[in-house]
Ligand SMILES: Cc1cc2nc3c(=O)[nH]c(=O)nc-3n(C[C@H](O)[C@H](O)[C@H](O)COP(=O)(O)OP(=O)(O)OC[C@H]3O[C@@H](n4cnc5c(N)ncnc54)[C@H](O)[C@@H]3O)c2cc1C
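What follows is one chain in structure tokens, specifically the form predicted on its own.
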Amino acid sequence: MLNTEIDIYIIGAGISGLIAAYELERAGFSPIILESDKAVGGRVRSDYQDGFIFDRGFQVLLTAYPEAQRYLDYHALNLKKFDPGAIILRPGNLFTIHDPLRNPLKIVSMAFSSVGTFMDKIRMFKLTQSLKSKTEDEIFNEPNKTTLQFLRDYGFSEKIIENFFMPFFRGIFLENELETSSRMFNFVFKMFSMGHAAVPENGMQAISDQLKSKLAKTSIRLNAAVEKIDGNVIELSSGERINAGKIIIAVRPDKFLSQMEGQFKPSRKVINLYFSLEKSFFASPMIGLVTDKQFLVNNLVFMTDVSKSYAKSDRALLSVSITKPIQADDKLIEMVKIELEALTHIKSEHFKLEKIYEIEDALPQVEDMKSSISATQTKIYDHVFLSGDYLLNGSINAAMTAGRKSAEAVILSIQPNMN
């Protein structure tokens, strides 16, 4: 029998930490989570202020994620789906492209749109069908090249790369040259083709809260920042020292383990601004893409077009994302307003800033992207295990996978007659 009385501590109440706790509970343990913030969720957080819901950075749930289907109750989240396709914005010009696979009646307008060539549509269809037949492992075992090189090698025109792939995937990968591995591109492209992009009715925080609600025997200590780990001793910023039987580090470990410093690339950053307006100029639950590289704004979405719950008032809530390296200050806000006026012909003073986030650790940079990891690979010492999407790829799906695998590794380490 398992010794379920052992003290298992999980550092971080993000998605990975919550999943690890859930799996440990299923095995009979009562883990303890130490979280430095005042709420669970990690990067999947929302703030509820002044009648608005502000997700911490524009993010979506891809409903085709296998791990999300395993752990989440989509019905309870009351998911609100984005329409497939995108709205392309250029100064004084706004038009919509639709996904012909989901909107077959609009394939003619798609084929002759100014976004790409007719052959681009054929290649997009062929790529989608090819990816649907591949498993996650097959996709992540393919040769590694940049997304941009993959698109060019596949035969896509520079026109559709510049007008669609560049602005769309800049917002997903949070980098501007599509240097992210083609493995990640193909995985995400498959997820979009097989499911929907969606947000819970009441914001992304609902995902984290739902996972927390599944925990019956886990203790969660909020505002409990870890300073360092020395052997099996966890030292908190408060000075408290905790002797742990097992430790799962569900955040970047180089923050606590000096021997792991320099082993990880800096996380990718994003600036997210929220503006309110009298009404949406999209009137559609779609993402808007800015194709001009001279603009700071990369993409924008009216969250209230997707879920009306994002604003309690009659005003529309606009999310604007910036992936370029720049500081969030008053000058930036004015520049963004000017860009929005140029794109929409709506006077800049009508865009009322409600919230701004400068998220330094928005997405991990992972060189050798994987779909999964063996349980034993999460173990770095007899009593210390790693968890987090930085081990695999930057996604909710990967965070859940890593949480599950780290829990499995801890359970294996406690099995009688096993090390």
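Keep in mind it's a predicted model, so treat the numbers as computed, not measured. Residue indices: 1-based, along the sequence shown.
Separately, the form predicted in complex with the named molecule exists; it is not shown, and the next lines address it.
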| query | finding |
| --- | --- |
| Residue (of Tyr74, Phe256, Phe264, Phe168) lying close to the named molecule in the predicted complex, criterion heavy atoms within 4.5 Å | Phe256 |
| Selected contact from Val270, Ala86, Val320, Leu151, since only one has a non-hydrogen atom within 4.5 angstroms of the named molecule in the predicted complex | Val270 |
| Interface stretch in the predicted complex with the named molecule - options 118 to 126, 344 to 352, 135 to 143, 225 to 233, non-hydrogen atom within 4.5 Å | 225 to 233 |
| Contact flag, Ile11 vs the named molecule in the predicted complex, heavy atom cut 4.5 Å | yes |
| Proximity of Thr63 to the named molecule in the predicted complex, heavy atoms at 4.5 Å | no |
| Interface membership of Asp37, the named molecule in the predicted complex, 4.5 Å heavy atom rule | yes |
| Touches the named molecule in the predicted complex: Phe58 (any heavy atom, 4.5 Å) | yes |
| Non-hydrogen atom within 4.5 angstroms of the named molecule in the predicted complex for each of Ile97, Gly288 and Asn299 | no |
| Partner contacts in the predicted complex for 349 to 376 (non-hydrogen atom within 4.5 angstroms of the named molecule) | Ile359, Ala362, Leu363 |
